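Okay, here we've got a single chain as structure tokens, the form predicted alone, with questions on binding and movement later.
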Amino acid sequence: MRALLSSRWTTLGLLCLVIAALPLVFPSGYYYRVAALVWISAIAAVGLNIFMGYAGQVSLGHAGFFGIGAYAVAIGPARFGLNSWLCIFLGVFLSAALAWLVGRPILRLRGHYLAIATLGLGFLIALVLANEARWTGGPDGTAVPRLTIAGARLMEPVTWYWISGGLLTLGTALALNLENSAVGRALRALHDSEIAAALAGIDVARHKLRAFVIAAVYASLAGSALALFDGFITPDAAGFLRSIELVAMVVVGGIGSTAGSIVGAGLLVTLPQILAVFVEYEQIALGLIIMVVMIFLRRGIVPSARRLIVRRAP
């Protein structure tokens, strides 16, 4: 039972089943939009889980890479006449390059020192996006040219539901393959003890940097998808609250669990939509629900549920 629940094929199969089955119960296009937002947020959360859950590091500025991907598809076509498809890859390249350059010095830090360093990086990126109004539109944001295929503009929530769902499935498959690879085992060794990992012959600095770059790539891709989906983007996409939201998705769903990151994204994206009927008490209710989840499911939703199922199984 434990092996079945932990299998990467089980995770991928369930994800594909959910993505394929949800449209059967959607009463309107609004639900496609919310689901697409869940898949896009889950892409970034799955990437962040590689850095936090696999490697055991902390990042409080990860939304900065999300913002780079978002503004790459906004600025590239509008200011330089570049193709939107090319700008997606350009955003991924810029995010990976920045993560590699900045990660080399800051990943020498540990614990809360690393958290503060990544927080500073996120603040810096958000500040640049907000102040360079000539390029980014400033705090008011900027329009994003729509993605096109064979001359058709991709705008409908139904279309983006399937695009974002496909990207999430691909990203999840890559993350699960990484988890079961030699690199994934090395990252988990870092999570347990960097000193022990170093004594075992693992290049600690190189593997931490690798996880940081991979997580940045996931965030950039998610940022590009959100910008192209909405057709508009503001510096809030790279803000501190977005970084905290991504961390909360990973922790609430179950740190170290790829499926948990997806569940955490689903919970934190859909709950505000459900609680909107309470208006003035929406944020209070959301905070209380998260507190209750973390008190009674300390390992996160998915690991705690898996443990309960295994315990009750014959």
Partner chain sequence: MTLLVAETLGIHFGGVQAVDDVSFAVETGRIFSIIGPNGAGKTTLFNLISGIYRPNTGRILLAGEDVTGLPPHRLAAKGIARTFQNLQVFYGMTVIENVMVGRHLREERRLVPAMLGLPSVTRQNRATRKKAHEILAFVGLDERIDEPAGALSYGDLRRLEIGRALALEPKLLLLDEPAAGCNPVETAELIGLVRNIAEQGVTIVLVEHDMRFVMQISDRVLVLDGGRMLAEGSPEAVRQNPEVVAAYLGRHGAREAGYARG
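Numbering follows the first chain given and starts at 1. These figures come from a predicted structure and were not determined experimentally.
The next section is about a form of this same protein that is not shown, the form predicted in complex with the partner chain.
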{"query": "Triple contact flag F229, D236 and L288 to the partner chain in the model of the complex, non-hydrogen atom at 4.5 angstroms", "finding": "no"}
{"query": "The partner chain: the contacting residue among E156, D140, D192, E132 in the model of the complex [heavy atom, 4.5 Å]", "finding": "D192"}
{"query": "Contact residue in the model of the complex, from A78, I116, L109, L174 (heavy atom within 4.5 Å of the partner chain)", "finding": "L174"}
{"query": "Contact label in the model of the complex: A182 to the partner chain, heavy atom within 4.5 Å", "finding": "yes"}
{"query": "Contact test in the model of the complex: A186 vs the partner chain, heavy atoms, 4.5 Å", "finding": "yes"}
{"query": "is_contact(Y218, the partner chain) in the model of the complex, heavy atom dist at most 4.5 Å", "finding": "yes"}
{"query": "Interface membership of I214, the partner chain in the model of the complex, 4.5 Å heavy atom rule", "finding": "yes"}
{"query": "Interface segment, criterion being heavy atoms within 4.5 Å of the partner chain in the model of the complex, picked from 221 to 229, 79 to 87, 238 to 246, 192 to 200", "finding": "192 to 200"}
